[in-house]
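In structure tokens, one chain follows: the form predicted alone.
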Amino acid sequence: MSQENVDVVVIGAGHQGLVAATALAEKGLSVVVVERSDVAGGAIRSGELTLPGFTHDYWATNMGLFLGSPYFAKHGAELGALGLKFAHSSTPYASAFPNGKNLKVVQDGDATAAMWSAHNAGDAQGWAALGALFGDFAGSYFPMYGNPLPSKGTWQGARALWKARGKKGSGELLRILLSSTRALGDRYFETPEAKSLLAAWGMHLDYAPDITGGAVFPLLECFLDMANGMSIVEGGASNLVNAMVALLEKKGGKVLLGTDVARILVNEKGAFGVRLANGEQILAKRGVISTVVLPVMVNNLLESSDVPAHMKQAAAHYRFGPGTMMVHLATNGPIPWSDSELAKFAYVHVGPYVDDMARTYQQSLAGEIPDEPLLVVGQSSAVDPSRAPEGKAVVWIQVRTLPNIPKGSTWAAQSERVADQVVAKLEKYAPGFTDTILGRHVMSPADLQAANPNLVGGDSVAGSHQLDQFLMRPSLDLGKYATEIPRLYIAGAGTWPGAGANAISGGLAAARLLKG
């Protein structure tokens, strides 16, 4: 049996694993990242899924959180020197409706306000009021977002927010943070279109319109995207991962692709390495960082006798949300929206309304194929023309939400039928769209899980982000990246601050390991 000795083994070459490994390599530690797939990146990946010359982001595409991360602030110039570039949209998102109406949000705040005023005066006033609340909230929330939860930093941020707004103003913000997206919309807006725009952002996670706490993400995303626009990786999301791998290797780290971990090795002193599926071992003097979501790690990578009772319980109680489908299209030009202005937006949400989204979520939980799933239509080549041949287009459609397993059937039997339903729905908003399709590639919830074991049941955010599991992720006892097994640490979408290309938990897990 061959054996290698290093300081740290990182399981998973998703972006959080690469962030962790880079932080450790910079401290002079020898680090090996072990990845089961033949390609690094986890949920950040791109390729020619439909036809040659058309580059699609498989799953993650919006890189706003990555650009705002401590990792990018520190390494952005180095990554740029390694070839990483971003394409930017100043027209980040819109929502389209069956009656020909739509609501648009652009990076120009005054232009957005004018469009909202033309739509409805009451909605425009509500939008302005929410924007003011966001301004107060963001300055305190993002320092909390970048710290372990709970921690001194998070409580200091909360206290600073309370003092900044005063008791009365903080009470209003607290009400919003505990609100559902339906309640937030009803409180601030008059028209069904404005209420829908908020609810659609909640559905990116697993916040159906009537779930408490669902208002947080829409509050943040709506105004962050208006302030910053939306950015994707020029040439495809894999270019980001390739630059991260090159940076790690430049600092002395190593990435092993196509290398499956069979077991995390544990003795009386704690985790001391991994055994690979081929029987080889990599021993780690300082410990192991796993980016595998907790229940998968506990059930598949650890001996039951090595797992403390509380950790087993946390794994058993960890919840996954409903499924996601990805429909990738190569088209003979931009989507022919009824309102041609929509063709330049990075995202267009097609819900259409709050009640439709509520019904969609409930149908998904019941195992039924929803009649009106939310479509998040990403117009990749409108943001980055290099994604498609001249005059052609790449369309990225995230279908939210769907059952993890369709009742009485399988996704192998249902995926193409649901993709047909998606195309037919979009045709209603863009007459003639179907005739522009040159190629199609469908990824069902089952395909998502097969490609990435963290996406259990096709849950694209690797576990419910509802309030209890978002604030205690994966559990209160495991919230600071150290497990009850000495020298075994965790990072990734299953830890605070959750899913998205935020590049935070990897750095926090590395810091926790260095602290010992």
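Nothing here was measured: the structure is a model prediction, and the numbers come from that model. Start at 1 with the first residue shown and count on from there.
Omitted here: the form predicted together with a small molecule. The next part is about that form.
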Check your understanding: Going by a heavy atom distance of 4.5 Å, is residue 401 a contact of the small molecule in the predicted complex?
Key -> no
Check your understanding: At the 4.5 Å heavy atom threshold, is residue 490 in contact with the small molecule in the predicted complex?
Key -> no
Review point. Can residue 34 be called a contact residue for the small molecule in the predicted complex at 4.5 Å between heavy atoms?
Key: yes
Review point. Though only this chain appears here, would residue 65 touch the small molecule in the predicted complex if you measure heavy atom gaps against 4.5 Å?
Key: yes
Revision key, fill the gap. Checked 499, 504, 25, 9 for heavy atoms within 4.5 Å of the small molecule in the predicted complex; positive is 499
Review point. Looking at 486, 453, 70, 47, which is the one with a non-hydrogen atom within 4.5 Å of the small molecule in the predicted complex?
Key: 453
Review point. Are 182, 360 and 468 jointly within 4.5 Å of the small molecule in the predicted complex, each by at least one heavy atom?
Key: no
